[in-house]
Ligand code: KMH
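Given as C-alpha cells, the chain that follows is alone and in the form predicted on its own.
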C-alpha cells in the first residue's frame, strides 16, 4: 500500500504534567495540538481528555465536549476516542464519553494486562500535582481490565449500535487471537485496523523481531483483511515507525506515546513528531494519506454521522 495513515495520540493517560510542559491538558491546548498535528499530516487524532485544573486523566464527557466540536470545526482529521481511558477507570467511566459522542472511530485494547508505569516516577523530582507520584508508583499493582465480556460490550455499544470502527490495540500476541475470536463471532467486520503496541511494561517489548512475528501471525489469522499500524513507547517511537513504514504498515506518534523528539530533547508539540515521522515515511516512498483517504481505507461512517 502506497498510502500511509499517520495517527497522532495527543495526550493519553500515561504521562503526567510534571514530565513535560508541552503535554496538552486543557481543552484549548488539546484543540490547538490536534489542529496543528492534522495540518502536519495526521489523518487520525487519537483522543483522551484531562481535568483542566489538575491535568489528571478524565472520563468526564464534559471534558470531551469541551474540545470535540472545536476539533471537528478546526480540521478534517478522523477523531478517534479512546475506550481505554486510564487503567484506574471503570468500564462504565471509560465508555461514557464515546457512547455520548458516537465517534467515527474508537480505540479498543484487546485484552486484560499488567500496565506498569512506576519506573517513570524515578525520573521526576519536582511534582506539579499531588496525584502524580502516587499514581505512577501504585502502578506496580495495576491491571488494565478488558475481559472478553468487556470487549463484547464495547463492540456492541459503540460498533454495532453507534457505527464506530476500531483501532484494535494489540499489546501482545494473544491479543491477535482474541481479535480473531471476535471476528469469528461476527461482532466485527473487515478491514481490521490493528495497532501493534510496543514498549509498555506489561506488554511486548520494542524488538524488531516482535514486529515481524506479529505481522506473520496477523497474516495467518486475517489474510488480506487487515491493515497494521505501529506505535512504540519512548525512545523506540521513530525507529519502530520507520520499520513499520518500510514493511507497508501505518504509523502512530504523539505525546501519549513519547514525550521526546530526539535523545534528551523534549518534543515541543505533537505536530513536531508528525512532521518528523512524515519526513521518514516520505523518504521511504510512502504517500501520506489524507483524512478522506483514511476514511475510505477504513470504511468509516463519516464525520457528519457523529453526535458532536
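Quick caveat, the model's predicted, so the values are computed rather than measured. Residue numbers count along the first chain shown, from 1.
From this point on, the text means the form predicted together with this ligand, which you will not see here.
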TODO: Could you spot which one of 200, 79, 158, 97 gets a heavy atom to within 4.5 Å of this ligand in the predicted complex?
DONE: 200
Task: Contact assignment for this ligand in the predicted complex, among 182, 222, 171, 228, heavy atom within 4.5 Å - done: 171
Task: 4.5 angstroms heavy atom contact with this ligand in the predicted complex for residue 250 - done: no
- [ ] Indicate whether this ligand has at least one heavy atom within 4.5 Å of a heavy atom of residue 14 in the predicted complex.
- [x] yes
TODO: Using a 4.5 Å heavy atom cut-off, state whether residue 107 contacts this ligand in the predicted complex.
DONE: yes
Task: Any non-hydrogen atom of residue 83 within 4.5 angstroms of this ligand in the predicted complex - done: yes
- [ ] Could you tell me which stretch in 252-260, 62-70, 35-43, 22-30 has residues with non-hydrogen atoms within 4.5 Å of this ligand in the predicted complex?
- [x] 252-260
